[in-house]
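Here we start with a single chain on its own, the form predicted alone, put down as structure tokens.
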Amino acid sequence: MRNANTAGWLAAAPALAFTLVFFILPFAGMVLLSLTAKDADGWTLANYQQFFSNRSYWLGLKNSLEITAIVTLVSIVLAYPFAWILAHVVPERWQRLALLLAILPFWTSYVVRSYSWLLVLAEKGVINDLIQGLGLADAPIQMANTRFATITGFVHFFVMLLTLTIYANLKQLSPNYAKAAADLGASPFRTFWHVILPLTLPGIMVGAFLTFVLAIGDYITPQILGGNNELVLPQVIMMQIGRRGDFPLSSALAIILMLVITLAYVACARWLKLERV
């Protein structure tokens, strides 16, 4: 038993060392840095107090939460039917090709994809040209550099991510559940609502949590598509570094963002645990 434990620790040593060097130590350093001030010595909580006293900081977090919530909900609504079609409508021999086409956005550079949406949503972009060509508007509609543009760019990417997690869950689901519900007199809608949907919630929640984490911490898409009209917290953090060189304050803001993500993880983990019971 002792030899087995020793072998297990030796096998895990590289991963533990990697985690220590590239996560635990940097995170500890960031925590310590957040407890200092840019132009003062000693320990202080002024950076965290400044977050709650400065409207622009907590407003950035509010914008991040609102945009992330909308993106997650819209992506789920769009991804579930898409995943259902891939799993149950597309013939089995074509499903791999359909999945390959579905994940094509992942093969494109994140920056290129964001700038592509900027061109589409611009005042002289494809959508405005189509709207004015059909006579639906006399002047271009402002879509670029707005929250709508940021949400559109996010949804384009995360719908595919959620489709993959939901599709995997649907493929693992035995068709006998639906047959048993039908034998008991359940309609197709009741079968889906009371049987299929609850059993596929783990796949939905995994994709939703990944969407939440990636969207709330994203800087590139809001910067390119949203501009500086409505700042999210990652943009606020980068402004403290790039314009003010205030690393203690930016560290405190980053830790607050990590705490929000941690709370989301705890909520999802507990909920999924209850669903699996």
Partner chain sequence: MRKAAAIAYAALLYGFIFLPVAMLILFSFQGSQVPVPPFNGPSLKWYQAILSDSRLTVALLNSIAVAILSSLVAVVLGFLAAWGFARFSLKWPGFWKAVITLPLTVSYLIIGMGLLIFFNGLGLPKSLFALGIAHVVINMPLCFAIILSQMTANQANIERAARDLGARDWQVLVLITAPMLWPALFASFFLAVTFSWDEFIMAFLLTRFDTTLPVEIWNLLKGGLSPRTNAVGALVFAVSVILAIVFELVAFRKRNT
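The shown structure was predicted, so the numbers you read here are calculated from the model rather than taken from an experiment. Numbering follows the first chain given and starts at 1. Note that the rigid core is defined as the largest set of C-alphas that superpose within 1.5 Å between two forms.
This protein has a second form, the form predicted in complex with its partner chain, left out of what is shown; the following refers to that one.
K.L.:
Contact between residue 268 and its partner chain in the predicted complex at 4.5 Å, heavy atoms?
P.N.:
Taking the distances in the predicted complex, the answer for residue 268 is no, it never comes within 4.5 Å of its partner chain.
K.L.:
Is residue 237 close to its partner chain in the predicted complex, meaning a heavy atom pair under 4.5 Å apart or at it?
P.N.:
Although its partner chain is absent here, residue 237 would touch it in the predicted complex, with heavy atoms inside 4.5 Å.
K.L.:
Is residue 164 a contact residue for its partner chain in the predicted complex, using a 4.5 Å heavy atom cut-off?
P.N.:
Outside the cut-off, so no.
K.L.:
Taking its partner chain as it sits in the predicted complex, is residue 264 near enough to touch it, meaning that at least one heavy atom pair lies within 4.5 angstroms?
P.N.:
Residue-level check for residue 264: no, no contact with its partner chain.
K.L.:
Within 4.5 Å, heavy atoms only, one stretch in 49 to 57, 36 to 44, 242 to 250, 65 to 73 touches its partner chain in the predicted complex. Which?
P.N.:
The contacting stretch is 242 to 250.
K.L.:
Could you pull out the residues of 36 to 56 that have any heavy atom within 4.5 Å of its partner chain in the predicted complex?
P.N.:
Contacting residues: none.
K.L.:
Would you say residue 19 moves its Cα by 2 Å or more between this form and the one not shown, aligning on the core?
P.N.:
Yes, shifts by 2 Å or more.
K.L.:
2 Å or more on the CA of residue 263 between this form and the one not shown, with the rigid core superposed, yes or no?
P.N.:
Shift of 2 Å or more: no.
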